[in-house]
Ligand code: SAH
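In the form predicted on its own, a lone chain appears below as structure tokens.
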């Protein structure tokens, strides 16, 4: 049995779904972050359980052919980029393998259904959204950056390679401001302070600046806002979100406009979409357009279909297909998102769409009870996937095709298996690298009804 702090030698033979390297020592499988397939390493044992162990790289004795020098000084500590130390080709291969493993192991489907992954044209600077935690270190100095992996410890980092330069410049200026006034930072004793900095941008380069604080007003807020407005003409919206609760949830329930518009408008797939601070919006603009194009291809609309968009959010996926169907029906549980979707339809002069608020399972059952039979259903569920009840209801509505957009291969594979048990067949799955250098991968699957 291996002991904590013991140094062992490992050959890394595969990667976990979270990007950790896997190596075997005797009867134990060890998981070691920041390693690559083909590495031979010396690792320090951090923890040993019955069948598995966890380690940390002490020395790379023989580097993998996939290994590269990471360009980020905090990549091995930050919780964001788990693939910064391997080539992008190797990263894409690992992500496709992640989808294949889930589809074959959980979904009991053939690996051949998984097409080649669609890589991102940009692997740096692609994020149009950033949430930066703000805190104080043990010496009372301001820290801003990103949470370390599996923790709420803030890794101080003012420049992230995944964010555009303007985000990093604004973050540095806010840090300089707070460093002169550390008493403005939120603490358990100072619940009115600043908790996060929140930035969003559009493809045209317009920026929303949002401060998340315990109170609507804080000392020096006008000076901060004025200095940023003057320096960055790209800032078109300034808002403050109030969250005074002792919680890990970032956004509070109230958002107040400080200056300019209270939302941004972005162009996606030729349509204009309003982006409110609370609205869900994909973070990789160019790759999102490719993802939605594939979803539309899988939907195979001719203009005569009724399209049901479940988990529609602000309507982005469904509205990009509205020009190719007879009627679009969107369902979302968040009232603000439904209002957003209705405004987005009006903004784009789309008249064949209607949206209503409700739980996806209950709403689909209600539509089925009304005799609505969609020809095509699009689902883009949260990470937990669909409920068995919703899958049953979808099957009972008998759509010809279901387009499944997923951010989690494991829950997607579980749900695909349930469809295949109820007179449906999975035809194809295309992975997309929406989040380069992270462990996440998006997928689109087409499911077709079997006509007996």
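This structure is a prediction, so every number in the text was calculated from the model and none was measured. Residue numbers count along the first chain shown, from 1.
Absent from the display: the form predicted in complex with S-adenosyl-L-homocysteine. The rest refers to it.
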| property | result |
| --- | --- |
| Residue contact check: residue 381 to S-adenosyl-L-homocysteine in the predicted complex, 4.5 Å heavy atom | yes |
| Partner contact for residue 332 in the predicted complex: S-adenosyl-L-homocysteine, 4.5 angstroms, heavy atom | yes |
| Partner proximity in the predicted complex: residue 358 to S-adenosyl-L-homocysteine, non-hydrogen atom cutoff 4.5 Å | yes |
| Close approach of residue 319 to S-adenosyl-L-homocysteine in the predicted complex, 4.5 Å, heavy atom | no |
| Joint contact, 280, 292 and 313 to S-adenosyl-L-homocysteine in the predicted complex, by non-hydrogen atom at 4.5 Å | yes |
| Stretch from 359-367, 155-163, 184-192, 294-302 whose residues place a heavy atom within 4.5 Å of S-adenosyl-L-homocysteine in the predicted complex | 359-367 |
